[in-house]
Each structure stands twice: as structure tokens, then as C-alpha cells.
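First comes one chain, alone, set out as C-alpha cells in the form predicted on its own.
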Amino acid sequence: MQVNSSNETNYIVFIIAALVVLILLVGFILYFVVSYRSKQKDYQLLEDQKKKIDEQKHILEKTLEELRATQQQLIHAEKMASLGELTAGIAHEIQNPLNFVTNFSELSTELISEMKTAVEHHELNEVLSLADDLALNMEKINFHGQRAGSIVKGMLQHSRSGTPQKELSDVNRLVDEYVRLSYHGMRAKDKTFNASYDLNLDPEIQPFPIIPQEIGRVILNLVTNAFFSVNEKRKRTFENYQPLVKISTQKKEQEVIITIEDNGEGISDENASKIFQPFFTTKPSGQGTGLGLSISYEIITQGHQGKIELNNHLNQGGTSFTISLPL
């Protein structure tokens, strides 16, 4: 009986052990299945999220491309708008050298006629003297012809929509040219315009690499804004007010400094903090796009690794912008 009881006990222990092992095995299988399903669910969730992220990325990339295209269109529109405002100034600047070319051409025609007469009379000294005068006239015709060509070239560069390249440029000549274009453009646009400007250009500045049409745009924008400000103040001021815009260049260590200063109405502190933001303008509706200063900021800081700063003199009247271009 004791042997049977021992066998029964061993059998029961074996059965219990087998059940425990079976339960553990079933538990492990269930855990594995649940874990696998959970991982599959997580994986599918990640796949869905990845798909949504890819779709959103594609939408954002497409939106970014559209924004860049729109930005380029706006920049080109701003360029063409400023060019349109300067049409009269450009016409004036071209007309001057063309008048010189016409006048010297007429004088040269007369000199040739006199030279023929002198040749017929064998007056060698007179012929040589007339030849010298004729050569001088040709030099003047060539100079003013190049001047007209330079203005046209600048106009074409100003309106070009491609990617501009840096080239060795004379900043003083560029400043002088665009200040005069702005001045004559303002005079043609507003018959009541009345202001003076003072140029102080540092002769020590040698040509250095810049994008001339881009720097020209910046100068044009800042000077035109300055002329607008002083003219508006003149219209509202009954005192003995003399509207004046000062433009200067200076070589300072490894930089060229361009300063445009006016004694106009100034800019409030609130507006000064937003002056370089796109589409912000203090001009009346229809008289400004609000892109000029933001584009100028981008040209100087990104295109030329320089700085452009506003120095507001509201209490004393007027503002000044300082451009720093690295040599």
C-alpha cells in the first residue's frame, strides 16, 4: 500500500509539474502573441504616422516652393515698380549725354567742312589745329556715349530677374549715379518737389567686389525714401525749413561705410522696430509696397555679409541709415 501511495504521490507531482510547465508555456505563448500584436499595432501606427509626416512634408515643400516663387515675383515686381518711378529720372540722365553727343557731332561736321577748305588753300597749320579740335570732340562724344550706355546697362541690370554675380565696382560712381536718378525721378514725379542733396564721397575707396545692381537698388530705395520724407515735412512746415539729404561714403579699416541721412520727419520708435519687416510701410496707401527696406536688408546682410542699421533722430528730426560693406 505504501508503494502505491508513493507512486500516486510521484504521479501527482509529475502532473502538477507538467501543468505548471504547460501553463508557463501557454503564458509565454500568449505573452509572445500579445506582444507581437502590440508591436504590430505600434509598427502600423508608426507607419501611418510616417505616411502622414511624409504627406505633410510634401505639402510643406510644395508650399515652400510656391512661397519662394511668390517671393521672387514680388521682388521682381518691386524692382520694376522702382524702375518705373525712375523712368523720368533715367530719361533725364540719358538726355544729357545725348545732347552732348548731338552738339559735338554738329561741331565736328562744321570742323570737317572748315578742314576741307583749309586743305584746298594748303593751310597746313589750320588743318592741324582743326584736326586737334576734331579729335577732342571725338573724345567728348565717346565719353558721353559711354555715359549713356552705362545708364542703359544699369537700367537693364536693375530689371534683370536672374541670379546676379559680384564684380569689381566703383561704389562712389554707383552712389553718385543712383542719387541723381532718384533726385530727377522725384522732380519728374512730383512737380512740387523741392529738396537739396549733398554728396561727400571718399576718394580713397577703390573698386571692390559687390553686386552693383543690387547695391544700386539699396541706395536708390534709401535715397528716394529720404527725399520723400524731407519733401513731406516741407509740405507741412511753415518755418524756415531747408529739406536736405546727405549721402557719404567712407573707407574704414576693412569696410566701406555708406550713410544716407535726412532732416525729415523721422520714424517713431514703434515703427523703427518694424522698419525692415516685409510689407511694412509708413507711406500713404498706394505710395509704397513695404518691400523696399526688407529687400535692402536681405541684399546687404545675406547677399554681401554686411550690415544695415537705422539711426533714428526723431527728437532732432530726421533719420540716417548706415550701410557697412566688407572689403
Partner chain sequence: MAHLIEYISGSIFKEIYYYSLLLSSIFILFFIKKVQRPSLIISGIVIFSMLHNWIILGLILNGVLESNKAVYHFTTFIEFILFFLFYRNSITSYYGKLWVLAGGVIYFAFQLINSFLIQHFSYYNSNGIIIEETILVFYALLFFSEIRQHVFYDNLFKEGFFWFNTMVLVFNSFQVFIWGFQGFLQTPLWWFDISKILSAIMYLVFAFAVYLDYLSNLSKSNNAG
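Heads up, when I say rigid core I mean the largest set of C-alphas that superpose within 1.5 Å between the two forms. As the structure is a prediction and not an experimental result, all values here were calculated from the model. Numbering follows the first chain given and starts at 1.
Beyond the structure shown, there is the form predicted in complex with the partner chain, which is absent from this document and is the topic of what follows.
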Would you check, heavy atoms only and a 4.5 Å threshold, whether residue 29 touches the partner chain in the predicted complex?
yes
Verify the contact flag for residue 305: yes if a non-hydrogen atom of it lies within 4.5 Å of a non-hydrogen atom of the partner chain in the predicted complex, no if not.
no
Residue 57 within 4.5 Å of the partner chain in the predicted complex, heavy atoms
no
Is residue 63 near the partner chain? Define near as a heavy atom within 4.5 Å, in the predicted complex.
no
Please name which of the stretches 49-57, 296-304, 35-43, 258-266 has residues with heavy atoms lying within 4.5 Å of the partner chain in the predicted complex.
35-43
Within 9-40, which residues have a heavy atom closer than or equal to 4.5 Å from the partner chain in the predicted complex?
10, 11, 13, 14, 15, 17, 18, 21, 22, 25, 28, 29, 32, 33, 35, 36, 37, 39, 40
Once you overlay the rigid core, does the Cα of residue 65 travel 2 Å or further between the shown form and the other one?
no
Note yes or no: does the Cα of residue 38 move by 2 Å or more between the shown form and the other one after the core is superposed?
yes
